[in-house]
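Take a look at this one chain, the form predicted on its own, written out in structure tokens.
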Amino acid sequence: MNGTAENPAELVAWYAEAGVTEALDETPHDRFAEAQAAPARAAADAAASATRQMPARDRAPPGQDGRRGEDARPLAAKPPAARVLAAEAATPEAAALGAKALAQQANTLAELADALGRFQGCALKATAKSLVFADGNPAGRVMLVGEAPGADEDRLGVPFVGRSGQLLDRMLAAIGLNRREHVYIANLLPWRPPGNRTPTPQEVAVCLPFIQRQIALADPDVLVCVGAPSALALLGMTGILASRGKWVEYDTGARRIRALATLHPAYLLRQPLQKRLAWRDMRAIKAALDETS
């Protein structure tokens, strides 16, 4: 780029594509202290949100004992949903249990998206711009699950819309599929990790119940795990180059469906010679659909 930016929007987009997500100022910040404080802030926000949702008659006025004057009576117990929200961010284990409880309460994909919007147990939510839930046709026979949103996905709130997504669309088109009619697309994590870093095992564990419920509600005929993190979390596969293209069964809770892992388009952009392996996987998906049509 030259020394002058004729279009500021293009400059910002260029920074975002390069992974620059934070603006610096002259005041030093203790980033480690901020990261440690994030779970406590999330827990406080969740508790406050749960209190606001309670009927006014059940809220206790300020005081040490939380009772109402001389005719004080025991406070009404918090509803189950409020208890879940208040416990979400306490510890990683509690967050995972809260996620599982919220996910299981969702009976539709819309309810699941709403539950994710209310969930406070994952610190990634505080740094992401958007909840990236899904794209495509929920009734499609194929469901693809990637790793996590990138900069473009975070900005637009839609999975696989950057360079990787454009390549994925071309790969699907090569076997006669498109995301508007035949494919439903989601990610292991619905929030972007800062700087596109690899998600931590704790972040994956917290978000896993939501994607598992999403798969169960979509109920595809074929599940495709795009990339190593998705293949490991959902299929238990390690070593993506060795495990890709191998059919296994995935239990949705209602039935067992065919599943395989394939290489992530971002990897293929860096290693174009490996597209031959991805093409084999695409052909295997096409054959599986033809067998059951």
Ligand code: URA
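The structure presented is a predicted model; accordingly, all values stated were derived computationally and were not measured. So that there is no doubt, residue numbering starts at 1 and follows the sequence shown.
A second form of this protein, the form predicted together with the ligand, is not displayed here; the remarks below concern that form.
Asks: Among the candidate residues G121, G136, P199, G146, which is the single one with a non-hydrogen atom no more than 4.5 Å from the ligand in the predicted bound form?
Replies: Contact residue from the list: G146.
Asks: Against the ligand in the predicted bound form, would G98 count as a contact residue? Criterion: heavy atoms within 4.5 Å.
Replies: G98: no contact with the ligand in the predicted bound form.
Asks: Taking the ligand as it sits in the predicted bound form, is P159 near enough to touch it, meaning that at least one heavy atom pair lies within 4.5 angstroms?
Replies: Because a heavy atom of P159 falls inside 4.5 Å of the ligand in the predicted bound form, the answer is yes.
Asks: Indicate whether R244 is a 4.5 Å heavy atom neighbour of the ligand in the predicted bound form.
Replies: No, R244 stays farther than 4.5 Å from the ligand in the predicted bound form.
Asks: Report yes if any heavy atom of S164 sits within 4.5 Å of a heavy atom of the ligand in the predicted bound form; otherwise report no.
Replies: Yes, S164 is a contact residue.
Asks: Work out which of the listed stretches, 99-107, 205-213, 146-154, 112-120, brings a heavy atom within 4.5 angstroms of the ligand in the predicted bound form.
Replies: Heavy atoms within 4.5 Å of the ligand in the predicted bound form occur in 146-154.
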